[in-house]
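A single chain, nothing else alongside it, follows as structure tokens in the form predicted on its own.
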């Protein structure tokens, strides 16, 4: 079976790269990093919306392009290469996927066209502080369709217009949609993070109006579905960043001289680059398998998503660190771009729960498969 992109998807990928190289040079990412009052790059966001990327998998009847998830994976990989400082992942990989999977027609008619048009920015509010993500320990509650509690950290929570909140009610855990822009009883507090090019916030709900997403009491299964679908897309973004780290390290190694020779000729540097390549190719294999499972609606998506997520986290983190090491002393400076990928790799690694959560899911899925 061929898991590679089709010719049309490869064309889409090439055109996306050309567009992003022109629209999102590293200076664009740095402009957000250097500014305290610029949580994302709005001009880039508008350009991405005009390209139709926010509506890639949204059906045409709701204002989208009606393409497949594999097409979105190709776009995600290119966004990862340039460290795009926009709320694309929170809005498209998570919020839109949740609405597509569990939204009623009235919710889809209201929200999906707004997502496709770039008018709605979404976020997922699950965590309630430090430690592992544990649904059983959540304290956020819904009473009489009013939300009470606090969520932290919420990626893009300070700029989002809508949030999907995991909370408990009399039926158990559920997912609830909150209009952050208009609902009363919502208080948002921006928080510092390692990667300021992807902002984060603490959101406090004090009786905010909300509406249920999907069936009552099915929140755990719904959240797992959203996480698994998003994990594959995140894996492609991580793969794009890891590939760019390898390219950057190789380019520098071929230019930098030490003791009369380019450092790329030294065995220690060759080993670094080879190790990055091997981890990236392993992550690519898992990501492609995940894309197939996501696009085909396969029942083994939880296994494929967990494998893609673990490999994606490991490859991007390793590539970002080895890229910095290859650059030597200047790699640690603000002027060199190595730290931008290191920051983003750490942010993406925690965006859907840490690697320990996904390792545990991977083991559970493998054990379940072996029992059959």
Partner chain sequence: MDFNDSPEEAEFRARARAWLAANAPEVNWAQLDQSDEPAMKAAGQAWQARKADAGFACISWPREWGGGGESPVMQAIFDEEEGAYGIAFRFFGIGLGMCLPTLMAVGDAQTCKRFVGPALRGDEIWCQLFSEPGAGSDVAASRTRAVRANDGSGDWIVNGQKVWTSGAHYSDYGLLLARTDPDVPKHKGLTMFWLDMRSPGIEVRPIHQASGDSEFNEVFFADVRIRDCQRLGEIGEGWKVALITLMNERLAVGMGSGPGWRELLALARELPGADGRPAVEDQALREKLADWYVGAEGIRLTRLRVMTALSRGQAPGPEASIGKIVSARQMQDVATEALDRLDQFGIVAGEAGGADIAAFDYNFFFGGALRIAGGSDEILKNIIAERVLGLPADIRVDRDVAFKDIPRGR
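Numbering follows the first chain given and starts at 1. This one's a predicted model, so the numbers in the text were calculated from it and none came from an experiment.
The same protein has a further form, the form predicted in complex with the partner chain, not shown here; the description that follows concerns it.
Non-hydrogen atoms within 4.5 angstroms of the partner chain in the predicted complex: do 67, 163 and 298 all have one?
So, no: the whole triplet misses the partner chain.
Exactly one stretch in 85-93, 242-250, 176-184, 106-114 has heavy atoms within 4.5 Å of the partner chain in the predicted complex; which is it?
Checking each option against the 4.5 Å cut-off leaves 242-250.
Would residue 16 show up as a contact with the partner chain in the predicted complex if we use heavy atoms at 4.5 Å?
Looking in the predicted complex, residue contacts with the partner chain do not include residue 16, since no heavy atom lies within 4.5 Å.
According to a 4.5 angstroms non-hydrogen atom cut-off, is residue 286 in contact with the partner chain in the predicted complex?
Residue 286 belongs to the contact set for the partner chain.
Using 4.5 Å between non-hydrogen atoms, is residue 41 touching the partner chain in the predicted complex?
Contact check for residue 41: no, nothing within 4.5 Å of the partner chain in the predicted complex.
In the predicted complex, does residue 100 have a heavy atom within 4.5 Å of the partner chain?
No.
Taking the partner chain in the predicted complex, which residues of 329-350 have any heavy atom within 4.5 Å of it?
Going through 329-350 in order - heavy atoms within 4.5 Å of the partner chain in the predicted complex - the hits are 329, 330, 331, 332, 333, 334, 335, 339, 342, 343, 346, 347, 350.
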